[in-house]
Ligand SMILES: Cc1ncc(COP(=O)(O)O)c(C=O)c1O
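Next up: just one chain, as structure tokens, the form predicted alone.
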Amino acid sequence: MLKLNRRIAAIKPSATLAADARATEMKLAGIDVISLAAGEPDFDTPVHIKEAAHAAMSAGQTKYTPVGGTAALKQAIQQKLKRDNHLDYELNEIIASAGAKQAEANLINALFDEGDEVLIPTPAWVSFAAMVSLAGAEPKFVPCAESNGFMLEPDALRRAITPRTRGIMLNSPSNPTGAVYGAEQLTAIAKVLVGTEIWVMSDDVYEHVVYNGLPQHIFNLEPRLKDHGIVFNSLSKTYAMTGWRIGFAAGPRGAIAAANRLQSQNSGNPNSVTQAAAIEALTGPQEVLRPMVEAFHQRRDLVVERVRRIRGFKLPNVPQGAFYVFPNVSELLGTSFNGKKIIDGDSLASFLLDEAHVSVVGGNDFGAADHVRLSYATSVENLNKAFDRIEQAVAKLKK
């Protein structure tokens, strides 16, 4: 019998990737499946970024680089953080990794240990808790009320903090809810955290996919948090570079040095050609982002209207960022079709895939089992077709 490391054995596969994988299997079997599961822009990487990668290959930039990225890439990240977030970092306070997920996993492993608690406001991206558990620390979920836009309230944060609390993960714009924290809300959260030694980790990967201007940054609003704060970001969503696998983190020198040591042992440097492409993405023309964000905005408006027409789907909050809606489906729990009962968001997602051939992600692993997540990172044609199918399928559910 195969014996696995106990932490690995306890980890579930990513719910989002699992949903997308099942949809892909059905497509390969010849079934017309529309995926609203993947968190991946459907746009191509801009041409000038691809040309930079080609030029790098032609110039022979295909060798090992420094573990945490080239100096040129770190300078580009440094420039981006100053331009977009008004944050200043030295080059030795920056690390590039194979995606933001690797940067987060490395910093979490470097900062937390057995007995430590890391606060995760929920609903939350499914991998946050898994990464904390793999580090041997304990994820502590802090539920955020739908009536408050799924945002963390300062009083709830105060109640959640214990002597074992060593970190908190913030994510704005949020996956899965699309919530975006405003300056007032972030300032109130910062007041609770300033003066503590709690590591404040800010996942900013959707920062440019917003519909009312760039979001405020908590470290800009309260600079004292920067001394025990980490910024995580990625080029995946902003520049449609999901497959290129490049992300980064910025924070205090000691924390970044520890992550660099870990990365030197578990992977080494991020892809050299991707680093050259990332430099062009970060320092080249930023106007290429506008058409993508405008398209997401139009799709957001369409999807909100279509979701609110479906029986049993409730969406009181309009997402202000990212490219997801997270409707409440509690009215459908307890219904059934052909003897199969809908008991939570996961079972509704399975029903929709089987009956409507539309892939969505149940809310269970996000920390909201009475919700489902739908991505609108696909064409308007696909969205309308998918929602037609969902409406028809849900009409078949009976109490």
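Numbers follow the displayed sequence, beginning with 1. This is a predicted model, so every value here is computed, not measured.
The following text describes the form predicted together with the ligand, which does not appear among the structures shown.
Contact between G149 and the ligand in the predicted complex is not found at the 4.5 Å heavy atom cutoff. Taking non-hydrogen atoms only, G99 approaches the ligand to within 4.5 angstroms in the predicted complex.
The ligand is not drawn, but in the predicted complex it has a heavy atom within 4.5 Å of R245.
Although the partner is absent here, S236 is a contact residue: one of its heavy atoms lies within 4.5 angstroms of the ligand in the predicted complex.
Proximity to the ligand in the predicted complex holds for all of W125, N171 and Y206, with the criterion being a heavy atom within 4.5 Å. Stretch 99-107 is the answer when you ask which of 209-217, 99-107, 309-317, 282-290 has residues with heavy atoms within 4.5 Å of the ligand in the predicted complex.
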